[in-house]
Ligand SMILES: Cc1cc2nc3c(=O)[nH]c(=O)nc-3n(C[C@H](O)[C@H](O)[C@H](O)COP(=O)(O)OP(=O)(O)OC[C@H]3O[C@@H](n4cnc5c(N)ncnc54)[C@H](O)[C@@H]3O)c2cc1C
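One chain is shown next in structure tokens, namely the form predicted on its own.
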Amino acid sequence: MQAVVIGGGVVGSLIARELTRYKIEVVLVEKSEDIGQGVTKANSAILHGGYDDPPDTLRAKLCAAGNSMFTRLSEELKFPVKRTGSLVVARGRDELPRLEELLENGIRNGVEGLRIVEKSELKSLEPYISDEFNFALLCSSAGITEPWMVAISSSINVSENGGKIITSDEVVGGTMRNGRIEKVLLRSGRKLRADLVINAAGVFFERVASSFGVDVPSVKLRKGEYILLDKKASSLVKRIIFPLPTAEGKGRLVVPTVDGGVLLGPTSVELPGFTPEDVSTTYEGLVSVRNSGEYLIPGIDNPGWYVKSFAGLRPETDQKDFYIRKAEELENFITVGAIRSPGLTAAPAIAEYVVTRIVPETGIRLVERDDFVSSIKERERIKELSFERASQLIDKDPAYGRIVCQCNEVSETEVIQAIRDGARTVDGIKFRTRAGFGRCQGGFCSSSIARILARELKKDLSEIRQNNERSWIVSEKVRQ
């Protein structure tokens, strides 16, 4: 029996991992060159508490549950989680009822660690927050992570449990008989036997469903623009700071990042039509993000701290809730779509929900295996080690002492390990090691990483790409 999971984002990767707990062959198919490079790589990276999702929605049911699963998951899969806590701020007593509404929502949704604080405590928690704010909803269970590492680490665990990972290939349809999919067809011409197909294709979930003749709600794309600030900005903020939410969403916030930076944003603009390639930023959007950050933390909008701007997309439907269902048209096809915020937080609970609640609706009875390995080996980062441990590693492997990325202190051994784990592009190394995520944004280390990729993959340097087949870096030698 074989399951094909379409989409190597955080949701698809965790579903594939959850399936490997059972006696079923698992194949994870991702159209990009690496895991976690779609919706997963460009969002706020927040583990939400789950207090603002309407009770009785799937978002509400799966967000708080997913949040509580992240501590154990991070221990097993060796990705970072920081329980920073979050604050939703309000100015006067006229806005206090909205905080009380969020508090009540959170209690109904099963969120722990919620309470309303007044100005003196708010100032002790966040000394640099604007004096305009007199109240806040504190959520101690909220936190931050690296979403792409959740997906990448999950895929490593899938592989170590016998699953197959296919990247740089795209599902284009399948062969069906008697209301069931028999084979999944890839753009390369490859055919995969399929007893179960799970569509977790992010912004492309409607397109994938359509290729199998399955009707799902129409996807609408919402774009969010961000500004990443230097680590110097982290002196002004310790927690995730939200304004009061609006009908558009949770608002433009200030978020510490796992590696010590600060993120401002996002905007929330619905795109006309289906334009998944539109991840451009705009002058108006970035000004809005800057102003919103300054509104919450005066002084944080410092041009000397700007590192980069970027945009990410979120798949939504008119129903504003996750769409997780077995197809009516096909017995063995499940769609996991419209995974908008808080999709990252909910992802572990979504994976468990799909495998334990929705898969049985296909008639498949999964049998647990007794040799499932839940943990992967720690990939040690030289920057995070004690002097003694770093010395031990360098004595055994001198490449641990050769620093490739000066900004984030990434060693050559870490780059080589990332290649062994599946990285095939410069961005693949970036997201797995943080090389190129620092102040210079790869200006110093990209050429070294490209040469290491060429050497380890036994390719010519001209064959190395930034992130996809079209993103060539060098075309040919200009001198011998």
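Please read these numbers as outputs of a predicted model, since none were measured by experiment. Residue indices: 1-based, along the sequence shown.
Quick note: we don't show the form predicted together with this ligand, though the next part is all about it.
Enquirer: Could you tell me which stretch in 395 to 403, 336 to 344, 357 to 365, 273 to 281 has residues with non-hydrogen atoms within 4.5 Å of this ligand in the predicted bound form?
Expert: Going through the listed ranges, the match is 336 to 344.
Enquirer: Does at least one non-hydrogen atom of S44 fall within 4.5 angstroms of this ligand in the predicted bound form?
Expert: Close contact exists here: in the predicted bound form, S44 approaches this ligand to within 4.5 Å, heavy atoms only.
Enquirer: Is E30 close enough to this ligand in the predicted bound form to count, meaning some heavy atom within 4.5 Å?
Expert: Yes, E30 lies within 4.5 Å of this ligand in the predicted bound form.
Enquirer: Although this ligand is absent from this view, report whether Y226 comes within 4.5 Å of it in the predicted bound form, heavy atoms only.
Expert: Contact check for Y226: yes, within 4.5 Å of this ligand in the predicted bound form.
Enquirer: Given that the partner is absent here, does G66 sit within 4.5 Å of this ligand in the predicted bound form, heavy atoms only?
Expert: Because no heavy atom of G66 falls inside 4.5 Å of this ligand in the predicted bound form, the answer is no.
Enquirer: Name the single residue among E294, E101, E380, E170 that comes within 4.5 Å of this ligand in the predicted bound form, judging by heavy atoms.
Expert: None of the other options qualify; the answer is E170.
Enquirer: Pick from A233, A200, I152, V197: which residue has any heavy atom within 4.5 angstroms of this ligand in the predicted bound form?
Expert: So the residue touching this ligand in the predicted bound form, by this definition, is A200.
Enquirer: Would S74, P348 and I376 all count as contacting this ligand in the predicted bound form, using a 4.5 Å heavy atom cut-off?
Expert: The answer is no: none of the three residues contacts the partner (heavy atom, 4.5 Å cut-off).
Enquirer: At 4.5 Å, heavy atom to heavy atom, what parts of 1 to 31 sit next to this ligand in the predicted bound form? List them in sequence order, or say none.
Expert: Heavy-atom contacts to this ligand in the predicted bound form: I6, G7, G8, G9, V10, V11, G12, V29, E30, K31.
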